[in-house]
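First comes one chain, alone, set out as structure tokens in the form predicted alone.
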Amino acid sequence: MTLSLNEFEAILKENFRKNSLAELLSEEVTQKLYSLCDLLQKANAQTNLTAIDKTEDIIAKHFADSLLAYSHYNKGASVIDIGCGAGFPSLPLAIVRSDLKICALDSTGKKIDFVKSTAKALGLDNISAVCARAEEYVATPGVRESFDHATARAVSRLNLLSELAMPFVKIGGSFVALKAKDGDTELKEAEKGIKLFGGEIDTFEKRTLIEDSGLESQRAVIVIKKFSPTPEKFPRAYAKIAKKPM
């Protein structure tokens, strides 16, 4: 990190103001996001965790983007982040929502190792990390339909992702999907499968992510409510899901 905390804070505040996230910032949150950015850049210099490495881009494309749906998680809820990568949205969400209990799930060991070590370094006792494939981890005793929310960002198209996510969610809970500008198209593709997995569309919210340069990117927050159990035959093996999405 070449920027001081004060320099970082100025960029962070301005970006979060533009993205209507300013209310999330406190002295403690700012310090932890500064440390997270520093740890990410240092780790990324040793092993490729993310293509986003510039401080201003990390703030916009990792921090702000991860938090666009922060208000859609119930207070005190349990959340599983499917395909968390290097911890997004898991780590920023754990920092700004200390009430949440988050499980970060990814099949890449080096990324889960980073999430674990970073959570420990930042004193985030509300986040755990698991290295496994979603369609295999859901079969672990006590895991299926045990989370209040599932979430995922930049993983795969919704018609594939919903089959992986919905089995984790309790009846009455929700799957919060963070999608790009074609979220409405993905939602249409996934509607049949969502109903089959026990879900129904609750919210489709268009958002605009504003970067430090002023560049605007379209985003969509999709909330799928779980109203009935997901049939036990789902999720299928990933190869089958990819070959023939429901």
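Throughout, we count residues from 1 along the sequence that is shown. This structure is a prediction, so every number in the text was calculated from the model and none was measured.
Heads up, the form predicted together with a small molecule isn't pictured, but that's what we're talking about next.
Among 70 to 78, 141 to 149, 92 to 100, 128 to 136, which stretch sits within 4.5 Å of the small molecule in the model of the complex, heavy atoms only? Contact-bearing stretch, as computed: 128 to 136.
Is the gap between G173 and the small molecule in the model of the complex 4.5 Å or less for some heavy atom pair? Contact check for G173: no, nothing within 4.5 Å of the small molecule in the model of the complex.
Does any heavy atom of L124 come within 4.5 Å of a heavy atom of the small molecule in the model of the complex? So L124 does not count as contacting the small molecule.
Does the small molecule come within 4.5 Å of any heavy atom of L164 in the model of the complex? L164: yes, in contact with the small molecule in the model of the complex.
F234 versus the small molecule, in the model of the complex: is there a non-hydrogen atom within 4.5 Å? Because no heavy atom of F234 falls inside 4.5 Å of the small molecule in the model of the complex, the answer is no.
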